[in-house]
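Structure 1 and structure 2, given next as structure tokens, are two forms of the same protein chain, each shown alone.
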Structure 1
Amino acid sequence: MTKKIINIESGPERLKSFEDNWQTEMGAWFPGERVVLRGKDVFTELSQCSWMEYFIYGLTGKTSTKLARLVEGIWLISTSFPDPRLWNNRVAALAGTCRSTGVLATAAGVGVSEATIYGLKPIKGSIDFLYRATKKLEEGKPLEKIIRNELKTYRTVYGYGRPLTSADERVKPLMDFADSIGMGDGPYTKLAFEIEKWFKASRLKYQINIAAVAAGLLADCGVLPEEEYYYATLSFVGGIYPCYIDSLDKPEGAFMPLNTKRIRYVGTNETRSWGSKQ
């Protein structure tokens, strides 16, 4: 039996109102009977969903086969690359060569995916910018002023430019995929490429990267910035796990070792002994 939650700002009385009393509309497991997610029976109403459809429904309450297919395509084309040089894959490969477990390796790789230059922050920042830019355009502000203000405020525009190479090889394949499922011509996607046109005509010459393309496609589906962040959280796993598995076949400690002669040491030159002296 649930108790009525008391509306108290803080203190022990507030915690007392939650004792043995967690009220939720998200879902529950009824032992020996059923499982409910957002008001739907998992066994009878959601059992025919794909995993991605179920995933999205759990996160947002939205049901859309088309959106699920788009997210799958974005994951495959954009983020799940089995290259151990990539920052989050590198963590998983290092875990493998240290003989850690697959769960810990994957969790660590996912954890460092929440990065500033790569990963989840640019992914969320790109769609947030497209929403803010659209609102300002509707208010009558010119696109150039919107972009310049973004650069002045944040010194970057998420979704444009790339640290390693100017062009992003993922853009065309993702747009081709979007076209194949009847997407890719919505207003936010068009705006993403309009912003690229402005950059190309400016002295910065930034090109669009995959974050802005994915942001435009998802914004055209009504996906909110926080929702895209949730969608993207596990999107790197398809590349993380192969790198971990590959490193298990290598000698322990062999992942990208660095000879000490390659380190520029500027400390003291005194000789140090390892271990305690007898």
Structure 2
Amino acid sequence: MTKKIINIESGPERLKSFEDNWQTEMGAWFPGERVVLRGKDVFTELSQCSWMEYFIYGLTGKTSTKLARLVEGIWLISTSFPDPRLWNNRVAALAGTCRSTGVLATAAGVGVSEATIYGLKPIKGSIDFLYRATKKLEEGKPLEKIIRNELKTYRTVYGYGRPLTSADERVKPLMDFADSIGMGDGPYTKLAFEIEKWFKASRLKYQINIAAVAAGLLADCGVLPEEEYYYATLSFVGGIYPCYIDSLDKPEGAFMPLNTKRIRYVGTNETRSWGSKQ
């Protein structure tokens, strides 16, 4: 018997209406019998999907082989660098050198990927900006004003500029890949490169980075900011895990060891004693 969920805005009555009463369309496991995801039987209706198609269906309810192929391509080209110097990958390498587990290494690496200077914040922020910019363009605002306003408010525009290096080597391979599957010339992708043109001509000289390219390609498929965020959550795993394995294969503690001189202390020079007049 399904209990009725009363629409209560707040307070303990809201919690009471949910006690042992989780009503959902998302899915469920029927022990020893079957599994349902978003109204479809997993074993009979979804078992022929690729993992990425299943993943995207679970996240958004969308079924699209082409979108799944695009997301896979974006992951592979953009976020799967097996270089342990990259901060999220380095966490996994450190876990490997300390002989932690692969899952813990990867979970930590994924968590750290929700970063500001790279990773999930620019990924979500880029597509969000493309949608907001498009809306303002449709309202008649000039692109330059839109970009300048974003810079004035937030000092950065997600998707443009990059730490360590200005050029993004991933842009051309991703656009080539998009072209190979019949994508890459939609309005949001074009806008992403229009914005780069403005930056290149400005004193900032920012170049487009992969987040804006991925954002353009996905927005052209109707993907929303939160959907791209969901898709991208695991996107770094392809680079994270090899860094753990590489570290695990080498001697314990051997990953980038730091001797005591590698600490540059810039605090107080006095040596103090606890409890005396400090």
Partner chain sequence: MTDTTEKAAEQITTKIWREEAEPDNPFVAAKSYCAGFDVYGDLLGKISLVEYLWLLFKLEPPSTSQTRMLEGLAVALANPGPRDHSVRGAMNAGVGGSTRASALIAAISVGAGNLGGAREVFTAMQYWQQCGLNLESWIDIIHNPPHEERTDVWPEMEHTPGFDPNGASCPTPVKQLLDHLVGIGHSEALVWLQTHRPTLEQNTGSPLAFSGVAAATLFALGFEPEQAEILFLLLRLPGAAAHAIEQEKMGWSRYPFFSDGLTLTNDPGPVTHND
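Small disclaimer: the values here were computed from a predicted structure and weren't measured. Rigid core (definition): largest C-alpha set, two forms, superposition within 1.5 Å. Counting starts at 1 with the first residue of structure 1 and goes up one by one along its sequence.
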- Between structures 1 and 2, the form predicted on its own corresponds to structure 1
- Any chance the CA of Met256 moves 2 angstroms or more between structure 1 and structure 2, core superposed? no
- Query: Can a Cα shift of no less than 2 Å be assigned to Thr268 between structure 1 and structure 2, given superposition on the rigid core?
  - Reply: yes
- On a rigid core superposition, how far has the CA of Lys16 moved between structure 1 and structure 2, in Å, if you could check? 2.7
